[in-house]
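Take a look at this single chain, the form predicted alone, given in structure tokens.
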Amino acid sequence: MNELLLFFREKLTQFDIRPPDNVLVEEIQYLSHLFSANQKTNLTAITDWQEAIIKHLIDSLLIVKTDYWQHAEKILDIGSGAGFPGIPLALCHRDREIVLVEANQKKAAFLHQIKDLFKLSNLRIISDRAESVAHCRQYREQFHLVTARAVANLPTLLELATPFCRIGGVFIAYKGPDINEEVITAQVAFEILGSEFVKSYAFVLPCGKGKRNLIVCQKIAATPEKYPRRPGIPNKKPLI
């Protein structure tokens, strides 16, 4: 544990992210529970400790380096899977209200276990499709910040995420190194959904583990009530 803690702290410091050690220990414990649960349920393809610290924990926390994190009191994460980026953020920032949307029942059950284990009272887990949840008044246009690290094209993610953002709020998509074409392809979706591309943040992950771009999309007008369309359609027929 001590070696992992030192490694985690050192690599986070490269980004000037400095949680207290007790939080870093919780983050590593979370990974330990993930690895254990992964033996029964497919939650992650990454099983190397250092790689998981970089690609799961550090990658998730990079969003705190954006200009939009400081004022984001209510956050929603779409397609959380095993909890990235939502769980690492919830552990580090227990003062923020964070909602995770994950339709897979087994993955959602794991998220509930983590919430109970670490007493994350700031965390809410919704086991349903984002297309359905976004039409609930309790959640529609209620969030300062919406995130997604899910694998989908930007137009699809915009349709799923934008309805959750309050006007003036932002959707930040976790993407790989090449984003220009995706942003261009998403112009129709931006216009239809009441959003616009603002900027992107580029990061190089430690130990040669790749590059990360965070694409910031700001909500500038109310999203038409018909969006998102019924489950599966945003992915099958993206707004392009």
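Note that residue numbering follows the sequence shown and begins at 1. On a predicted model such as this, the values are computed, not experimentally measured, just so you know.
Same protein, other form: the form predicted together with S-adenosylmethionine (SAM), not shown, and the subject of what follows.
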Check: Among 134-142, 90-98, 76-84, 115-123, which stretch has residues with heavy atoms no more than 4.5 Å from S-adenosylmethionine (SAM) in the predicted complex?
Finding: 76-84
Margin query: I'd like to check something about Val151: if you look in the predicted complex, is any of its heavy atoms closer than or equal to 4.5 Å to a heavy atom of S-adenosylmethionine (SAM)?
Written below: yes
Check: Can Ala72 be called a contact residue for S-adenosylmethionine (SAM) in the predicted complex at 4.5 Å between heavy atoms?
Finding: no
Margin query: Taking any heavy atom pair closer than or equal to 4.5 Å as contact, tell me whether Val170 reaches S-adenosylmethionine (SAM) in the predicted complex.
Written below: no
Check: Do Leu158 and S-adenosylmethionine (SAM) come within 4.5 Å of each other in the predicted complex, heavy atoms counted?
Finding: no
Checklist line | Residues in 117-139 close to S-adenosylmethionine (SAM) in the predicted complex, defined by a heavy atom within 4.5 Å, in order | finding: Asp128, Arg129, Ala130, Glu131
